[in-house]
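Have a look below at one chain only, the form predicted on its own, in structure tokens format.
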Amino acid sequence: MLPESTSPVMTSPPGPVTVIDGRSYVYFAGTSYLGLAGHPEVIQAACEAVRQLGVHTATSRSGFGNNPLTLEVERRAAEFFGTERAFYFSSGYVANHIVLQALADRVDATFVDEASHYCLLEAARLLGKPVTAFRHRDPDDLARCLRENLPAGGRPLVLTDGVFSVSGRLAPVKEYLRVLEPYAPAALHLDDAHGLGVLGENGRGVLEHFGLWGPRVNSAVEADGVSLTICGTLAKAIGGFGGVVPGTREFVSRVRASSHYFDGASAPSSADAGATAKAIELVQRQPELRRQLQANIARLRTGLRTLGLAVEDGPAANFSVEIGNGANMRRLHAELRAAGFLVPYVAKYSGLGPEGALRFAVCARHTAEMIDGVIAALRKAL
């Protein structure tokens, strides 16, 4: 018997159809955008890893905590991102904490998009530098904050989500870079948890989508320009688990040395490493998954607009829709659920307004019938 819980309980792998509280739903929630978290090969790889290597190495990676699968994840991640190295660790949530420690001695003040994810806001505070929030996705307000809050000769660090976790909007990265240029040396850092695996020709995220991916990213910190850094997770679109920082050999070495996560935290579990290595392999050899995902994203966004809803165009697999007040969206969520479609109503989350929103998450494995079905069910509920 399952223990009592005030939250829904998932009793199947996440996928286009998922079992929640004992009932199967066409699932438009979560973050498994490529549909790989429940892939048979990924599950098998996790099982084989535990049989071969045990639950985990029971030590940090600076001691004897490396195993072949952890190193394989880093090799495959570096290949996926086209970088010299990658650092793999147990939690995507702490990725920003780790990277910012590597930047700490090269910045004097931090500026963060007010709608950024909790983990980025926490990392900004832990950095120990003055923190100023600027208006969401507003380069002009960022420029104002820099003028008013950066000490003379100070080195600014700007922090933002690449893809915002509920709205699905993209950060205006090029505009931020232009704003920062007069303040060089400066740095712009993105948490691209929802972009990696979804955006860009090779799935490398927001920077590749904007044509900015290249040697400049996660390289040596610029002495007289604007440094550009990113981090992310392998637990969302990629279908594995844990955080990742790709980059040059010099940058990754600096990241490992600056944070105690390499020498003080347990290495990723064997199951996580085995599953993640296989998931990256699948992403690399099945680029059609991203193409199908983008087709599904366009189909759902277009279909929702036929209902008269204010749904923006965009390439992100996650996005939100506000329909009336919170009470109305709770009703819509309940009616969709009764019809067999699970679209969460999110009452409170980083970046949301006071009434919350319905949050849609699209999967590469959703069929056209599933997408048309949720649109038809919502039309009836409206």
Ligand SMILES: Cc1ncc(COP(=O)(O)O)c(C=O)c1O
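Computed from a predicted model, the values in this text were never measured in an experiment. Start at 1 and count along the sequence shown; that's the residue number.
The next section is about a form of this same protein that is not shown, the form predicted together with the ligand.
Residues placing heavy atoms within 4.5 Å of the ligand in the model of the complex fall in a single listed stretch, namely 191-199, out of 260-268, 296-304, 191-199, 80-88. A residue is said to contact a partner when one of its heavy atoms sits within 4.5 Å of a partner heavy atom; K278 fails this definition for the ligand in the model of the complex, lying far away. For H209, no non-hydrogen atom is located within 4.5 Å of the ligand in the model of the complex, even though that partner is not displayed. Taking non-hydrogen atoms only, S227 never approaches the ligand to within 4.5 angstroms in the model of the complex. Taking the partner from the other structure, the ligand in the model of the complex has a heavy atom within 4.5 Å of a heavy atom of C119. Put simply, of A235, A187, V252, L146 only one has a heavy atom within 4.5 Å of the ligand in the model of the complex, and it is A235. Only one of the listed residues (G203, G168, P139, G92) places a non-hydrogen atom within 4.5 angstroms of the ligand in the model of the complex, and that residue is G92.
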